[in-house]
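This text opens with one protein chain seen in two forms, each one given by itself as structure tokens under the names structure 1 and structure 2.
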Structure 1
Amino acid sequence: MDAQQIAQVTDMMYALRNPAGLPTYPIIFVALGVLTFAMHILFVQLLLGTSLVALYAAYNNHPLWRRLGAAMIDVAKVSVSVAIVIGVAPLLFVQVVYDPQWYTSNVLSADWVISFIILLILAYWAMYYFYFQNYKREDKTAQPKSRWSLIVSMALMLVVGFIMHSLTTQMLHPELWQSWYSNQGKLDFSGSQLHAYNPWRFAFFISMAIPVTGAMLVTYRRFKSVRSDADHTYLNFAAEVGKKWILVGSIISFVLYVAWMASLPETAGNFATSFWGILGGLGVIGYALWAQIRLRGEAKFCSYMALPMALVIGLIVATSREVLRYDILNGFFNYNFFDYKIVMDWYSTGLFFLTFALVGGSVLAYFLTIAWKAGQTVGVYTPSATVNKMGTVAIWIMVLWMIQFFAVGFYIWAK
């Protein structure tokens, strides 16, 4: 591409920016986008990996596998919900700073964007179907019924993930948008194609399901082992599978990461050998090393660190992924999100961070404490006075939030 063609692409992207601007500094949105994407993809990986455990168990007669499969489908079910709800956040932030790229990519594949919604609902329902077919059974080692529904669910989830992947990849090719819109000189308004993808990149993000689920299994043993009715043979089995998955999975992911870096488009310049390009790969392989060293034997403390460590690795990779986007769009096409117009709005910016910290912090601390303790208790769990107080505080903070919402509203309205 010559300089003039690049300048045309730059102009086009700047023209597409929303003239309303942003209510605060763009870097804040990008940072939140990276953080929430790392969490999103962690739960996506968990849902895929735990489904895989359930699927493997369904086709394997080993009684311990069977039990593990039954337990993991529970995790999968919740992980889908969490992946979806957390996915909303990066969806919000990406279209704030990268609206020219995100919207164009979506419109040009609109049929797929709509299919995404329908397929995801079907995928989730298929998973629930499998669950309801089996969850009431006393004998967790019997062969599960309707195994096909789990296969359907996983296949659809992979399609859904691929659509996401393609949409993010298309964002990185502004030089091709025009040719996708008017294919060989003939306009195409149908949005019926996915135009760009990178199989290595997709395989990499999906493959991380293996080490992440390994981390889940290690955590599972640690969590359940304190229950008075714990079956240690079973739990140790789970942890051993987990450690193997971390090791083998990290190596597979590392190889795929290298393949992704080797297949970057020319517009990425020398990202693959840059600091972030290398760090992402080191992070992935580093996870296997960490696990080899820290998860030996019972690993009472570090077993609880397995998932947080996976999130840290995820954050490194998410940062690399974001820097790659910046390098292509800014480095090659001179589109710099830092210079997005700002129409500063302190109130709404402040309200978000306060809500996030106070409401989110107090409620989730309470919720997770309850869930955690209840999961470790045989029979009915009755919280201590402190935990009860946490609940009361959370309720009050929420009520105050509501009062604030209407008080400010009426004040503005009456002004």
Structure 2
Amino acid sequence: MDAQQIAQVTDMMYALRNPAGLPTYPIIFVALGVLTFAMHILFVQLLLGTSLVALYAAYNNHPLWRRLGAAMIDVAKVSVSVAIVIGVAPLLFVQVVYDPQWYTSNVLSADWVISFIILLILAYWAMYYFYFQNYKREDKTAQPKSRWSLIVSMALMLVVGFIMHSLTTQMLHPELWQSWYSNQGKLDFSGSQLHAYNPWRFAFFISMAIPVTGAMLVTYRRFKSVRSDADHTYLNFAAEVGKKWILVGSIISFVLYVAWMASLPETAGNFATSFWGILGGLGVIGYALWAQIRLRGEAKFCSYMALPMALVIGLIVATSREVLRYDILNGFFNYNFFDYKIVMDWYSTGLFFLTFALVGGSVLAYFLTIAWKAGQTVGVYTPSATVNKMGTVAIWIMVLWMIQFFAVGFYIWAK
């Protein structure tokens, strides 16, 4: 592209901006987007990896694999819920900061955007069908039934992930938008096509499910080992599988990351050999090295750090991904979201952080405490007075939040 064509694309993106501006500084939305994306993709990778464990176990006659599959399908179905809830946040932040690029990409592939929700629901149903067909019964080592439903669930999850991958890729090719909806003079408003994708990028993020699930298995061993009825033969088996998955998965992911960097478009410039491009790859392979050092000797079965470290690696990759996006839009097309008009709204900004810290923090603390205590208790868990008080406080905080929400709404309406 020559300078005039680049300038036309840049002007188009600026013209598509929301004239209302942003309620606070763009860097806040970008930072929160990176953080929440790392959390979201961690649970996406967990649901894929633990589903894979459950699927392999369903076709394996070894009793330890059968038990592990039954445990991991529980993790998978919870991870789907968490991934969906957390996934709303980075999506909202992208819509705020990259609204010209994101909305254009969605309109160009509108049918796929709509089908995203439908396919996700079907994948969720298929996973629960498999679960209720098999793991509501007492014998966790029996031959699983309806294994096809878990295959369908995983396939649909991958399709859903590919749709989001394609939409994200399309937003970084503004120079091609016009040719996508105007082919040889014929306008295409159907939204029936996915126009851009990078198979190496998609494969990289999917492959990270292997080391992340390995981290889950190591953490699972540590969590369950303190119970008086712990079966250490089974738990040691789970941890050994987890260590292998961390090592092998990290190597696979590193190779795919290098392939992704090698296949970046011309608009990315020299990002692949830049500090941020190299850092992402070092983070992935560094996780394998950390695991080999940390998870050895007695510590190989006794580390809660495996899963948090996976999140740290996810944050590094998410940061590199965001810098790549900025380098393409700003470095090549001269589109800078930092010069977005700001119309400061202290109430909405403050409400967001208070909601995140107080409402989210109190509810999450209560749920995590209940899950932690119940998982380490033999038989039926009875919450203590302190835990019950945590639940009461969380409920009152949510009630007060709803009261102020409607009170402010009615006040503005009355004015």
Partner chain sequence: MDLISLYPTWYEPTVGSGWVVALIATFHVLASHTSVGAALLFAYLSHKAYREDRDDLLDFIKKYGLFLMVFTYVAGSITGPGIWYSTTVASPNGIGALIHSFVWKWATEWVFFVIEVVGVYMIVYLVGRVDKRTHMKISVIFGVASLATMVIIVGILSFMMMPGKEVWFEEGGYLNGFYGTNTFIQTGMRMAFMFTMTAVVGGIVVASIKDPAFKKEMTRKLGWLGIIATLTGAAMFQWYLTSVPDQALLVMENRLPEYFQTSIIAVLAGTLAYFIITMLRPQTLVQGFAGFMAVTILVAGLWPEETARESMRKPWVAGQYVYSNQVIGRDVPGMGIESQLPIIEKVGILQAHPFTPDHLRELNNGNQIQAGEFIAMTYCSNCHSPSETGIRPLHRYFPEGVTQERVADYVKGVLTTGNIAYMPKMPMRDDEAEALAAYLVLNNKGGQPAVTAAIDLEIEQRERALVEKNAQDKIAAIEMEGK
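The structure displayed is predicted, hence computed values, not measured ones. Quick note, the numbers are simply positions in structure 1, starting from 1. Rigid core here is just the name for the largest C-alpha set that superposes within 1.5 Å across the two forms.
Peer 1: Pick one: which is the form predicted alone?
Peer 2: Structure 2 is the one predicted alone.
Peer 1: Any CA movement of 2 Å or more for residue 25 between the two structures, core superposed?
Peer 2: It does not reach a 2 Å shift.
Peer 1: Superpose on the rigid core, then tell me if the C-alpha of residue 397 is displaced by 2 angstroms or more between the two structures.
Peer 2: Yes; residue 397 is a residue whose C-alpha shifts (by 2 Å or more) between the two structures when the cores are overlaid.
Peer 1: Quick check: residue 383 between the two structures - does its CA shift reach 2 Å or more after fitting the rigid core?
Peer 2: Comparing the forms between the two structures, which are aligned on their rigid core, residue 383 does shift its C-alpha by 2 Å or more.
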